[in-house]
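In structure tokens, the next block holds one chain alone, the form predicted alone.
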């Protein structure tokens, strides 16, 4: 039986009187691929930071082999073989691949002079551990997310890692890159190196992990072998709720299309795109990264202009040459990256909600009516169940799912005809994902035309009444959910 790499026993941790962990225990064995799952706020990040020495537990023990600690420092965690790869990878984007990989060893040996020949040898040996081929002189900031992640893994292995903790490692990866990452994790397993894979994506949990631990509200909700788990149990353990994934069937579809796209082309991105959207429909557009799906979305919102073709709103041709023009024609857009493109994170939740309707809430002199503003914010917080004790709090205090609801509220406060959503549930936990889908279905029933752009195939199949698949800038297939399943969509995408 494999030896234990790590045990945490009855770990408790509170912040300002709020108990983040309520006696959590976890064991990981050498070479094991273990999934740690839970919704946002379940305690996953707190537990990781305790294991890596960033936080000190209030109670409990951390055990590495025969060494028992009541608290550890980050250096002690590293010496015991613990390496954490956070979502930002903690790398230096302005330095080269070689400098990033050799940096720690140069510091550890207190070298005062730079020897590039020695640094090159260190970096080459690190890359060889996972057979990763990359230009040593390339600036890390210029590399893809997948390459940055592999550099972080190489650096972890240089420090004799026995357990690598990967925090939501696939958030920004394509399916091809996810497969490559999983192959590396399986190679690490052969070397006896354990992986703690932190994720809330069901398909990935089942694909890569052998055992699982699920946290909910700071407590261990379940643990066991992944082979004994199914989607329904996983979702219940994560959320404490049971969901029915019934496909969306529109019941309030308009006779005439609200949006028509005819022979739309943009050189280098997409060509001859044709489709129509009716009020009450949810149209899904899927495809791999680089298929042209995001550029098409940006064209519908006036950020990128098509070279040729026609866009019609309610049968009338329109020229969408700016976001302002798109908004004036009743089109809203929820971007792929809500943090940098969809929200003003330091500003209040309330200000983010009403930012698109300031004119409606202002007098002729441009003075905002405080009572109207307060009532508008209250209505949208209630309608979309935005979980906040106070809408005056900064938007950055919300979980990913609640931030996405704020983005939705911002657009729904306007009189929209069409809402385009690019990756509407990216980085959102299972419970919030289900709730957002229900909100979108309700909006469609109320007569809004909705476009979901996503590479989450279950999301497309369950929530869309029509599906377009894009490949190499073209529509490769137009299907109904009855004609499609995961394999069919994947075939057309590839």
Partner chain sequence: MNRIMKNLMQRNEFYISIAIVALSIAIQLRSGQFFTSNNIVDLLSALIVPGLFALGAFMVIVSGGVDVSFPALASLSMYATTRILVDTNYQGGILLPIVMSLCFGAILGAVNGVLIATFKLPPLIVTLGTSSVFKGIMQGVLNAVQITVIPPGMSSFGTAALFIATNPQSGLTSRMPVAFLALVIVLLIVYFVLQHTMYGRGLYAIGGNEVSAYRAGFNVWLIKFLLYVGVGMISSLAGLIRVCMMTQAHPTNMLGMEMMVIAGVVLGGTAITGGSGTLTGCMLGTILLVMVENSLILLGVPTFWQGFFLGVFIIVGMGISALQVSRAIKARGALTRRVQQ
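Positions refer to the first chain, counted from 1. Source: prediction; values computed, not measured.
One more form of this protein exists, namely the form predicted in complex with its partner chain; it is left out here, but the text below deals with it.
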query: Location of its partner chain contact in the predicted bound form, chosen stretch of 406-414, 370-378, 173-181, 220-228 [non-hydrogen atom, 4.5 Å]; finding: 173-181
query: Residue (of 168, 106, 125, 204) lying close to its partner chain in the predicted bound form, criterion heavy atoms within 4.5 Å; finding: 106
query: Sole residue of 343, 193, 208, 91 within 4.5 Å of its partner chain in the predicted bound form, by heavy atom; finding: 91
query: Its partner chain contact in the predicted bound form: residue 426, any heavy atom under 4.5 Å; finding: yes
query: Any non-hydrogen atom of residue 289 within 4.5 angstroms of its partner chain in the predicted bound form; finding: yes
query: Touches its partner chain in the predicted bound form: residue 243 (any heavy atom, 4.5 Å); finding: no
query: Its partner chain contact at residue 111 in the predicted bound form, heavy atom, 4.5 Å; finding: yes
query: Residues 116, 139 and 145 all lining its partner chain in the predicted bound form, heavy atom within 4.5 Å; finding: yes
query: Its partner chain in the predicted bound form - contacting residues of 456-482, heavy atom within 4.5 Å; finding: none
